[in-house]
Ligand SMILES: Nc1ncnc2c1ncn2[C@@H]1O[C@H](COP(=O)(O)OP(=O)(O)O)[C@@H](O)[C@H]1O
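Next up is one chain by itself, shown in structure tokens, the form predicted on its own.
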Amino acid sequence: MGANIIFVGNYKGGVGKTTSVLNFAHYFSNAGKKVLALDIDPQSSLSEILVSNGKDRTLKEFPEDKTLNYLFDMEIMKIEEYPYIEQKLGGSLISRYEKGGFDFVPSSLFYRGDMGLDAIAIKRMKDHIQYLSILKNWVDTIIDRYDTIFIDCPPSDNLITRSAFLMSDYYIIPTILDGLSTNGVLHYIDTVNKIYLEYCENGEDQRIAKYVFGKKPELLAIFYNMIRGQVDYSTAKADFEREICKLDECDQNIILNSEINNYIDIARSVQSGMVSIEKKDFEHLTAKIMERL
């Protein structure tokens, strides 16, 4: 049946999306799953970590024709200028991250000087099914190689992010607990739902969009990240969970009770491209996520 496609996102920055994707990819791989990680964040943080901890080079030195930027660049040229040229990028984009036992395709903020994914999305893409399906069409060519594909999404709404929403089967929201968290998560869920409705239910191309993208992505889990041991979160948790439970598609079970503490060892391990040996928070969280699939 092919891989489960899962995007990890939140419109609030600094909630640990990249850390989460790296840990999920590691632990899914350790459990025997064939994993691919895609980085569609223009900041390319996950890409820099995986590349710099792989073969002693920087992202700036990484081959441009093995990036998501190259995929979008080439496919947009095909759409606009060379419709009769058949491109078969397939597995040529995929790199192996030996430390984690999984594959990845990076994005690069250095592509062709300054054509990061944000520039491609804003300057070169059009709000049309041909452009929105670029990533999905490529993933379809390699999806049978994998059990799970994780997408590291940026805290922004652009056409590339929308394409990730539309093509995914599930999504996971990491959140911190502060005064803005509740509204931010509610807004994110609402946005994902509205984007699906816009293209696959109410848009002028709704029939072809629904054929290409399938069902609406399902919210798989919300979890609390970067929890500080000395802080009392009881009121914040109660308020957050009360509001989430008001959503038709959610109940309190959608919030996993595995919290990720703000341990320095987790952050340091991620920077070195690894999971923490000492702290098992993400390992326990990942096991619960796997149970839901």
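Everything numeric here is computed off the predicted structure, so don't read it as measured data. One-based numbering along the sequence shown.
Quick note: we don't show the form predicted together with the ligand, though the next part is all about it.
Listed residues 30, 262, 53, 258 were compared with the ligand in the model of the complex; 262 is the one with a heavy atom within 4.5 Å. Residue in contact with the ligand in the model of the complex (any heavy atom within 4.5 Å), chosen from 244, 266, 40, 36: 266. For the three marked residues, 47, 106 and 109, no heavy atom of any sits within 4.5 Å of the ligand in the model of the complex. Shown alone, this chain has one stretch from 157-165, 98-106, 193-201, 218-226 that lies within 4.5 Å of the ligand in the model of the complex by heavy atoms: 218-226. Using a 4.5 angstroms limit between non-hydrogen atoms, residue 285 is distant from the ligand in the model of the complex. Put simply, residue 275 is far from the ligand in the model of the complex: not one heavy atom of it is within 4.5 Å. Residues are counted as partner-facing when one of their heavy atoms sits within 4.5 Å of the ligand in the model of the complex; in 175-206 not one qualifies.
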